[in-house]
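Below you'll find only one chain, the form predicted on its own, shown as structure tokens.
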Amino acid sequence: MSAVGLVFSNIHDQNIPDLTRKRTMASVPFGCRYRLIDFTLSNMVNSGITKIGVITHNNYQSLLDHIGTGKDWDLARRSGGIKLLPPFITSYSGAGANKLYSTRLEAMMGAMEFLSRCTDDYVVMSDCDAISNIDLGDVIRQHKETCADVTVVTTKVDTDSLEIASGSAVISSDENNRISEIVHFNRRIKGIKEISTNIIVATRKYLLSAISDASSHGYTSFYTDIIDRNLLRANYFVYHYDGFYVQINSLSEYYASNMKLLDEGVRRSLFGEANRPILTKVRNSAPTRYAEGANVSNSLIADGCVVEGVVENSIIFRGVKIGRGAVVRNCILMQDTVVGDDVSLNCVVSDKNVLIKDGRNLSGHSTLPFFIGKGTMI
């Protein structure tokens, strides 16, 4: 039972343009020391998947820097390992010819050669805009037992209270977990619904045949043009996942997802599985230094920081410096942010290498955090 992984690093970049202007969705920082792709790669590696292709599109320099040879995920291998699949030009003709892919199915068409060269039985596909710690081995086992062509991992969400991207697939299934209906989310859909996590297991030979057929017909949507068109002819099933899951659909959802990590129960469910650790790039930084008079409460602070002021309910990445008299509340400060003396910050999201000079007072709201772009001086 061998499987190959396929990761979509740029899908849904448009949902948080503030953070993806100079990077891919996959390399967006999260939770003090991680990148979003760390959760996807860790889920695959922890399930025994050691051959992974990462489909890129643009702005992927930071992704290359982060992944490197893949050794931090035990993917620096002579056979298999991690492979970056560079951007491609869509091969079909017509008005949209000679352009970079814009949908999941078009991205799969560009990965056809990679998939064709594999000898694995199954393909596990995943986006990078969702955060979970899932046993993909169990998903593959169900896929095999049901003789499925495609298995889609779904989770229940409250559509009334959770912000969901319009492109998310809402999936209905029968008592045997066979998919019976699939629709794209819209504001008329209310209540508790099963949505796709965009983690998909497919039989490799079937997937290659389906992609080839879609290419010949000029199809562009995986869910609409493959799944929905073939519901009565193919074996499509769902795998119900009830563990911790968040989907990054906007800057406010990114902020809220980070803030959830301040809950010990959430941290335990996401990082507490002894046999399923979340792996990331290792950096040898000095321990964080807390100056006399510093006060920190209910916060996550990475290594290499210097804290001289007050930090409350915040996520602080590596190398951040917080000056004397500064008060940082409900904030996300990314790597190498410098906060001057007597600064007041509330509900602020700062990208990397931001400088906030002495005496500044900045405030947003949890539903609309104040965002400071990469390398900005205020």
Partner chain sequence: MFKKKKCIAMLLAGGQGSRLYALTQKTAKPAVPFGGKYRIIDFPLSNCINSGIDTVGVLTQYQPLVLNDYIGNGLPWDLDRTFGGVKILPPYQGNKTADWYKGTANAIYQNLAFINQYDADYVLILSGDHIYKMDYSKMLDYHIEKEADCTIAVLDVPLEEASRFGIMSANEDNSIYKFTEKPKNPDSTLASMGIYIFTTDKLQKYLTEDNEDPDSSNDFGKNIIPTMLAAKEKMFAYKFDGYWKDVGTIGSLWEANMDLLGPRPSFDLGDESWRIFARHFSSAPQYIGSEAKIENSIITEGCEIYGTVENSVIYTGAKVMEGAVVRDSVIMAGTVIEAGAKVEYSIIDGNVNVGKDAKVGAPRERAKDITVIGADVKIPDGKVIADGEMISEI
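Residue numbers count along the first chain shown, from 1. As the structure is a computational prediction, the values presented were derived from the model and not from experiment.
Although not depicted, the form predicted together with its partner chain is the subject of the following passage.
Q: Do Leu262 and its partner chain share at least one heavy atom pair within 4.5 Å in the model of the complex?
A: Yes.
Q: Report whether the minimum heavy atom distance between His66 and its partner chain in the model of the complex is within 4.5 Å.
A: No - in the model of the complex, heavy atoms of His66 and its partner chain never come within 4.5 Å of each other.
Q: Is there a heavy atom of Tyr34 no more than 4.5 Å from a heavy atom of its partner chain in the model of the complex?
A: Flag for Tyr34 set to yes.
Q: How about Ser285 - does it come within 4.5 Å of its partner chain in the model of the complex, if we only consider non-hydrogen atoms?
A: Contact check for Ser285: yes, within 4.5 Å of its partner chain in the model of the complex.
Q: I need to confirm a contact call. Of Ser299, Thr103, Ser215, Ser132, which residue comes within 4.5 Å of its partner chain in the model of the complex, counting heavy atoms only?
A: Contact residue from the list: Ser299.
Q: Of these, Lys83, Arg289, Arg77, His184, which has a heavy atom no more than 4.5 Å from its partner chain in the model of the complex?
A: Only one listed residue qualifies here, and that residue is Arg289.
Q: Among the candidate stretches 239-247, 224-232, 173-181, 290-298, which one is within 4.5 Å of its partner chain in the model of the complex when only heavy atoms are counted?
A: Going by heavy atoms within 4.5 Å, the stretch is 290-298.
Q: With its partner chain taken in the model of the complex, which residues across 265-284 come within 4.5 angstroms through any non-hydrogen atom?
A: Heavy-atom contacts within 4.5 Å come from Arg267, Arg268, Phe271, Pro277, Ile278, Leu279, Val282, Arg283, Asn284.
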